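In structure tokens, one chain follows: the form predicted alone.
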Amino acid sequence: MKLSLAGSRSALRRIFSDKLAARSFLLAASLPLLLLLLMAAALLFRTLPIFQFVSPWEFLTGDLWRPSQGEFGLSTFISGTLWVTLLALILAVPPCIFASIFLVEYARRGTLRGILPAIDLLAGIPSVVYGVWGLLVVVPLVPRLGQFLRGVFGDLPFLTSSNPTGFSILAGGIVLAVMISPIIVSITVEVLRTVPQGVREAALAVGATRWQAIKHAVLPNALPGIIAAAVMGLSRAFGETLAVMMVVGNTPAIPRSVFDPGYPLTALIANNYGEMMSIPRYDAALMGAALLLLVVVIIFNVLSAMVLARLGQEVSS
């Protein structure tokens, strides 16, 4: 009887400890989502006062930013963010795809093992280091690059600018392209690895060359994952602050050329948050810009995660 009672107590303790461990793990796994919801709620609460004086549409599309006069419009800064981000993607995605194809399809295993850690190391370099590199190397080269491109292509609208300095959308795009390249390459390499080897062998068996097998068999299967990698890079570029702020010029005007200066949302928040205490509604306007950045980055990350998860399910099935 005593043995039976002791065994029951031991079993209850095991069940209780198992449930406690499961709930503890669930709580730990839920903390990032909870933190994200708390951040969004706090930003939304701090943003609401601005909408008592301007509608959300006017706040997003207005082109006047004069806090001392109570005028808050983000379109200039949204435009600067889009210019820099899209230019960074244009500069980064094609070389990253080619590099990933080489690493997976052509490189020897020793080469792959040597290059991938170096790429991961680039992802861990602080953004201020990229910003200093941009100041020392990229910014001085931009005016010369502009002269060369105008000499080759003529006075195209997006190449013509009255900006005499190298602080420009192009400088920010180049620095961002370098920063997001490790992310795009790492994800693209893993996506290409998930393409079954049988797909390559089937293409080669019907007489295709290696490049034809990659072009017509491997890349179509990996395309959703490559798009997800680009979206992840876009998310990183959209929220980058310090490096871009150091080289983009921070001029509150809508850019007309890649050689014009710009003023991204992230730079707006970083440059002006310390001044907002003495100006009414300035705090709410900057919190609205931060909320916009958070929402866009969340959307990009969710979309890319969904694509990668679906790709993983297709491979496993």
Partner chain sequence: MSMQKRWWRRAHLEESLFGVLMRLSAVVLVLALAGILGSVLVRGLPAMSWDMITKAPEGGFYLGGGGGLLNAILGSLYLAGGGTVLAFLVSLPIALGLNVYAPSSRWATFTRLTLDVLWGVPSLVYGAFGFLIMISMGMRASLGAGILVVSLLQIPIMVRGMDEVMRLIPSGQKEAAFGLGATKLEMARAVVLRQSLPGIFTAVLLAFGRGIGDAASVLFTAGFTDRIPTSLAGPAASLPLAVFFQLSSPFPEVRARGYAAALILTVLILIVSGLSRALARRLSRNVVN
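Numbering follows the first chain given and starts at 1. C-alpha atoms forming the largest set that superposes within 1.5 Å between two forms make up the rigid core. This one's a predicted model, so the numbers in the text were calculated from it and none came from an experiment.
Form predicted together with its partner chain: not shown, discussed below.
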* Asked: Among the candidate residues L156, V128, I90, L82, which is the single one with a non-hydrogen atom no more than 4.5 Å from its partner chain in the predicted complex?
  -> V128
* From the candidate stretches 254-262, 53-61, 66-74, 30-38, select the single one in contact with its partner chain in the predicted complex, where contact means a heavy atom within 4.5 Å. => 30-38
* **Contact label in the predicted complex: Q212 to its partner chain, heavy atom within 4.5 Å** => yes
* Can any non-hydrogen atom of M287 be found within 4.5 angstroms of its partner chain in the predicted complex? -> yes
* Does its partner chain come within 4.5 Å of any heavy atom of R281 in the predicted complex? -> no
* With a 4.5 Å heavy atom cut-off, would you call A42 a contact of its partner chain in the predicted complex? -> yes
* **in the predicted complex: members of 164-186 within 4.5 Å of its partner chain, any heavy atom** => V178, S181, P182, V185
* Threshold 2 Å Cα movement between this form and the one not shown at T251, rigid core reference -> no
* **Threshold 2 Å Cα movement between this form and the one not shown for L27, core superposed** => yes
